[in-house]
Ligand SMILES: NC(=O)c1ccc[n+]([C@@H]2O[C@H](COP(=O)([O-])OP(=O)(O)OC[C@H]3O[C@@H](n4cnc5c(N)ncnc54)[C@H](OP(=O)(O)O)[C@@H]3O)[C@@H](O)[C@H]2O)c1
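Single chain ahead, by itself, as structure tokens, in the form predicted alone.
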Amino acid sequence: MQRLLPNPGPTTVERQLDAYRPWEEPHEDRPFVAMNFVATVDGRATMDGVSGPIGSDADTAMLAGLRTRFDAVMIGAGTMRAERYGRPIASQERREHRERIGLPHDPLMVIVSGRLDLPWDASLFTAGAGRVLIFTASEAEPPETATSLRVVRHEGRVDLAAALRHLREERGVRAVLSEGGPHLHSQLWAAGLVDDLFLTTAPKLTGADAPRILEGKALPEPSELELAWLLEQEGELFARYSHRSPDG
């Protein structure tokens, strides 16, 4: 892997992420929020409904590495149904590394699900490890799960700003990694709730009618981004963008 920007030279995923400490930069009323996505050159975020076939082993390593740097991992219900998550950090070694750098053993798994329509047989719920917090507008009751589960209900629809405030004030969450999907990310950007974007661009074209990394209503205004770093391996690009505030 090569670092193209800044300071060109050889690097690794581990070396690049070693100095990245988002939990040290929480906002007063919400956690620091980063989103992570992989996309094709023609801007598509899934192949056959899932993101896995787009990226390489290096992209998987970047995702796994990022999960070791955040208090919580957030996804939408559609992503949970498509990807059927298990324990977000499967490696005991990585969980122990999290504790050494001051993070909880397992990241809190946060799901935004308006209707509470989730694959309850997925291993995230059945493995009995870690913790899950669901924000929903549904009055339905979830089934019994082996994994520790809590539900926070919002009236009408899930208010993402209120959800993040709850995570910061009630759960002590300092940094959240959002992994999708495109509608959740579009809502986060529209509400001005994103600080960093990690985007892997795979050297692939699909030409398919698949979602982009943001879907739904247009943003109120274009979001200005600053390129913090750019890495390359075998034609695959790994960018970290920081969200530039309106006042520059």
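Residue numbers here begin at 1 and follow the sequence given. In this text the structure is predicted, and so the values were computed from the model without any measurement.
The form predicted in complex with the ligand exists for this protein as well; it is not shown, and the discussion that follows is about that form.
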Q.
Check for me whether the ligand, as it appears in the predicted complex, comes within 4.5 angstroms of all of E83, G114 and H183 - heavy atoms only.
A. yes
Q. So which of 89-97, 169-177, 154-162, 123-131 is the stretch with heavy atoms within 4.5 Å of the ligand in the predicted complex?
A. 154-162
Q) Tell me, which of A190, A61, V194, A45 has a heavy atom within 4.5 angstroms of the ligand in the predicted complex? A) A45
Q.
Just to be sure I understand the contacts: of V41, L219, A208, V50, which is the one whose heavy atoms reach within 4.5 angstroms of the ligand in the predicted complex?
A. V50
Q) Taking heavy atoms only, is L108 within 4.5 angstroms of the ligand in the predicted complex? A) no
Q.
Please tell me whether any heavy atom belonging to A77 falls inside 4.5 Å of a heavy atom of the ligand, as the geometry stands in the predicted complex.
A. yes
Q: Look up in the predicted complex whether F37 has a non-hydrogen atom within 4.5 angstroms of the ligand, and give yes or no.
A: yes
